[in-house]
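First, one chain by itself in structure tokens, the form predicted alone.
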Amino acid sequence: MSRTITAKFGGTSLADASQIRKVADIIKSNPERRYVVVSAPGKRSSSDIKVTDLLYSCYSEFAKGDEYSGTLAKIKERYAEIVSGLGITFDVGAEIERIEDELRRYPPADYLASRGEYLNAKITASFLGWTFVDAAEVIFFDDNGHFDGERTFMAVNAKLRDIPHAVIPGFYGSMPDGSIKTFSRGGSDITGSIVARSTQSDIYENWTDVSGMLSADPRIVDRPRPITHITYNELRELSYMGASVLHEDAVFPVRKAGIPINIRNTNSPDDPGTLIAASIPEGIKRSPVTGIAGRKGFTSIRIEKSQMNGETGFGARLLYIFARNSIPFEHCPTGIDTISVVVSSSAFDAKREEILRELKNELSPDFVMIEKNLAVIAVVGEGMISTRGTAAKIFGALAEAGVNIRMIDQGSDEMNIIIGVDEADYEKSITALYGAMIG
């Protein structure tokens, strides 16, 4: 019985005609690749502009009443170059005219933003000789703008079951009234995951410009070790800290269906990349620590109050103060009479006075201390739970590097250890941890 692969290609993989030809060669090299999801053209060089960014600029100019024709002409020129380079017959001018006609009806911004994927999918389908399927016809959102999974999975399955090969634009779907609605930026990854689940694909390939995930940030650690295998749980932890080449919401549709994800490199198609699955196959040897990732830009609000542990609902009331001010908390280390809430500095700074006032009025704390310029680092690996001395090695490495630890938190599943350090010590901490735990 033949297998089915859904393959999604990102913006850098489809930035120009030569890249699309590479993509076509990859697709044709394996007949099991039956469904392809595409992004809008990305940057051709570091100084280039993504088509999606041009589209957002165009809409902003239109909405302000400014002249937008110059930006629209750049978009037209970009696609005309792709069509010319591919040597296909495709009327870019007519497509741009239809988009401009619709723009004059003042659609939501999501409509224009989605046209990058729409046009790239039509061009790619034409070049491959495959069927184009508009995502607006099969991917749905409800009246509140939330993804309607049940309706979508049924619609995609019904549409594609009799189509042997199809190209679907990523990033968008439609509202109940037929208007276009987009996912968040990078949402083509989600579309690919939806198609993979709906078609019961055996694997979901996500093609980008890197050969899978790395165990640390290469801007900090020189040539960090590639991650060949990683679990969904580990991926979520590392993705949350920014160490991912995949939109974090793309995991959920395929995870529920047990479909593995393979991150691959369009420019190095023979590289195996990173395989993401529910569990690691037998015989694969890994370090107890899979990856190290972190982010700067956090603030810790430390609250002290005598006999806090005996005050029913104290923690709930504390977190509700942040919730009603629309500030999500990142971590919440606790003691007997102390509790800290770690939040984004930018979010907290905007509501600082309101929050401090509410903390004082509603919780009557003995003391409130604000610690800014905090970086948070996650050491992640499912093997840590069964490996003695992991925490000792982590803290020893930081001590040897002269790093003062300002916060420690550990997940209940013991798959990660979270450490807070001064932002000035962030890079030094990542380097020390990598050397001790992975390198």
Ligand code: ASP
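Note that residue numbering begins at 1 and tracks the sequence as displayed. In this text the structure is predicted, and so the values were computed from the model without any measurement.
What follows is about the form predicted in complex with the named molecule, which we do not show.
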Can you say which of 154 to 162, 235 to 243, 121 to 129, 186 to 194 gets within 4.5 Å of the named molecule in the predicted bound form, counting heavy atoms only?
-> 186 to 194
Does the named molecule come within 4.5 Å of any heavy atom of residue 207 in the predicted bound form?
-> no
Is there any non-hydrogen atom of residue 33 lying within 4.5 Å of the named molecule in the predicted bound form?
-> no
Within a 4.5 Å heavy atom cut-off, is residue 44 in contact with the named molecule in the predicted bound form?
-> no
Counting only non-hydrogen atoms and a 4.5 angstroms cut-off, does residue 40 reach the named molecule in the predicted bound form?
-> yes
Considering only 113 to 149, what residues come within 4.5 Å of the named molecule in the predicted bound form, judged by heavy atoms?
-> 117
